[in-house]
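Presented as structure tokens, the chain that follows is alone, the form predicted on its own.
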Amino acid sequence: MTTQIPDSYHVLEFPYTRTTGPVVGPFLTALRDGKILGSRIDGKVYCPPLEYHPTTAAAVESELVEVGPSGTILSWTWVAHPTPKHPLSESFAFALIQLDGADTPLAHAVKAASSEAISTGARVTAQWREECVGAITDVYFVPEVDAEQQKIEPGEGDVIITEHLISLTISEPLHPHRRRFAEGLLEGKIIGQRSPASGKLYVPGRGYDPMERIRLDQSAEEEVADVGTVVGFTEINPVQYHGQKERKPYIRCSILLDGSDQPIQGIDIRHIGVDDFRVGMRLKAVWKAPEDRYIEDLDNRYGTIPDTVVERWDPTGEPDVEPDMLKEHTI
């Protein structure tokens, strides 16, 4: 059976929150309410509005004036394959649009049927989304002939805080030994690597012996038991932050699988209370059905046996192992 293992894929993301100030705040408030504002400075209108003089950078008292909602494309580029961070999910154009009444162009998205529907000098008109929140993405542009009449209901209060998600996407293929480890998990097997130099069995394998510093290839791999002993644990009380999915306390433990010399780490236990959990306890993996197994959060640096392949770890009912016998494996 050929198993398809996806590349390792991660998104690092955090929210960035800031106050909007005396110029950007009214600009975003106006966008939410169906208007586009520019700032008049020394007789010229700048859109988006500025808090400073564009030539001297000195602070200025900006006069905010309404511009658009239509304008002329000065230049553009077609985005054939948008990413999740782009303002539109379908192919679109980024364009410099000189709005009517403004002296400078606004960079924004133009939604069109194809790149043939976009051209320098073409007229476009702003369109508002069904739900406006006071952000530059409340609005996008379409060819003037495709524009629809919209009635935008003003929101409540002024936009004084704005929040943005800053993110970085990381994608990389798994190393061969990590890919074989992942393939084994999907087949209900735990694959380790035994060093010919030390005789120690490491789970999961790293592609090298961390003590003897020699490379380990596929010939060093062997299947490991899915039964082991708890060598350490902690109770996790999740701190609530952006993106946190955990809500209830749970146990995170390390398990020394029978026959191995290195405990697997980061095993989460949610069906056993902390008062009933202990070092030396014997546990056995309860695997998910083959059709329900998939690999997630396994990359080249982290990840042992995820709960996307193992349903849970149940007590075997065997007597506990004496903690003193586990000292050399405690992490």
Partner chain sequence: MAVPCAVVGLGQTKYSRRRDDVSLDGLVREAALRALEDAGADFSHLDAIVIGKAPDALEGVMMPELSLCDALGAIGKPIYRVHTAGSVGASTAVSAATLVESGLFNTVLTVGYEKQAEGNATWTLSGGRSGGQGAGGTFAPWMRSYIQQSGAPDYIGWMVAVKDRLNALKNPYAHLQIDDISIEKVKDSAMLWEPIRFLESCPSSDGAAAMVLTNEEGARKSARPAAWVISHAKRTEFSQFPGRDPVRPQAGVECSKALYKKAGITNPRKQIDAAELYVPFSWYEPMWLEGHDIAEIGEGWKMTDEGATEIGGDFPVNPSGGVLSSNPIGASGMIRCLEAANQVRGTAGEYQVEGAKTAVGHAYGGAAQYFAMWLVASEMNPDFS
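Keep in mind it's a predicted model, so treat the numbers as computed, not measured. Positions refer to the first chain, counted from 1.
Form predicted together with the partner chain: not shown, discussed below.
Annotated contact segment (heavy atom within 4.5 Å of the partner chain in the predicted complex): 45 to 53, selected among 27 to 35, 282 to 290, 45 to 53, 65 to 73. G243 belongs to the set of residues with a heavy atom inside 4.5 Å of the partner chain in the predicted complex. The closest heavy atom approach of H10 to the partner chain in the predicted complex falls within 4.5 Å. Residue contact with the partner chain in the predicted complex: P315 places no heavy atom within 4.5 Å of it.
Taking non-hydrogen atoms only, Y250 approaches the partner chain to within 4.5 angstroms in the predicted complex. Though the partner chain is absent from this view, in the predicted complex it lies within 4.5 Å of a heavy atom of just one residue from P82, G259, G232, P105, which is G232. With the partner omitted here, the residue from S219, T77, T120, N237 that has a non-hydrogen atom within 4.5 angstroms of the partner chain in the predicted complex is N237. Residues of 16 to 32 that come within 4.5 Å of the partner chain in the predicted complex, judged by any heavy atom, are Y16, T17, R18, T19, T20, G21, P22 in sequence order.
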